[in-house]
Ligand code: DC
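Single chain ahead, written as structure tokens, the form predicted alone.
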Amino acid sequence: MSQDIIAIDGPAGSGKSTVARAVAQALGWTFLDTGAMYRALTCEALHEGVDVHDQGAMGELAASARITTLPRVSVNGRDVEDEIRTEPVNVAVSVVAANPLVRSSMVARQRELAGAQDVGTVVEGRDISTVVFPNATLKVYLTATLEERSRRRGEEGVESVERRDLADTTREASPLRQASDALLVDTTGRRVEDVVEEIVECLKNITSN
């Protein structure tokens, strides 16, 4: 892939979406929210009555679903922007994201979307730098304290965030982990602007060498 990629990973509430979107805006690049893609698919499964624990059925749904994240999140032409953060989705999305058939379809689609851009792409998720774009121009791993991340997630609370952390880090298919060559950034108590500046400066250093 010839386009530059900034791959941003991290646990729930670490600031991935906010930071990634701001970095993309600062650079004039495309932003791809992969977490929203998995949530959109989860919304579709719940809407259509598909059992999220049925790996085969979910794999088929993932292969056929038309998911977009800009300007709003939609699946098969249905706007789900306001649904993807609801409690039913919060509970089910970990099961969906752990499905290897789902991840296979999603990874292919994410690579396709990034490859179709005329500019660089900032991609955020939980396996972006380790699986989806292992050769990304810059890899970033965002983290923050559990208390900070729970506060950011608002209605989810500490138990929900801990449950998501456990599911993300222990699943067999593409578990969440920090790439060995990723820039580690703790966002606890930091302004978004400062985190963005650090990432952009790191990119400049890489591309100038």
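Start at 1 with the first residue shown and count on from there. Model, not experiment: these values are computed from the prediction.
We do not show the form predicted in complex with the named molecule, though everything after this point is about it.
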Margin query: Within 4.5 angstroms, counting heavy atoms, which one of the listed stretches 61-69, 138-146, 23-31, 37-45 is next to the named molecule in the predicted complex?
Written below: 37-45
Next item on the list: With heavy atoms only and a cut-off of 4.5 Å, decide whether Thr130 touches the named molecule in the predicted complex.
Entry: no
Next item on the list: With heavy atoms only and a cut-off of 4.5 Å, decide whether Arg151 touches the named molecule in the predicted complex.
Entry: no
Item checked: Distance check, Arg103 to the named molecule in the predicted complex, heavy atom within 4.5 Å -> yes
Notebook entry, point to check: At the 4.5 Å heavy atom threshold, is Ser74 in contact with the named molecule in the predicted complex?
Noted result: no
Check: Within 66-99, which residues come within 4.5 Å of the named molecule in the predicted complex, counting heavy atoms only?
Finding: Arg85, Val93, Ser94, Ala97
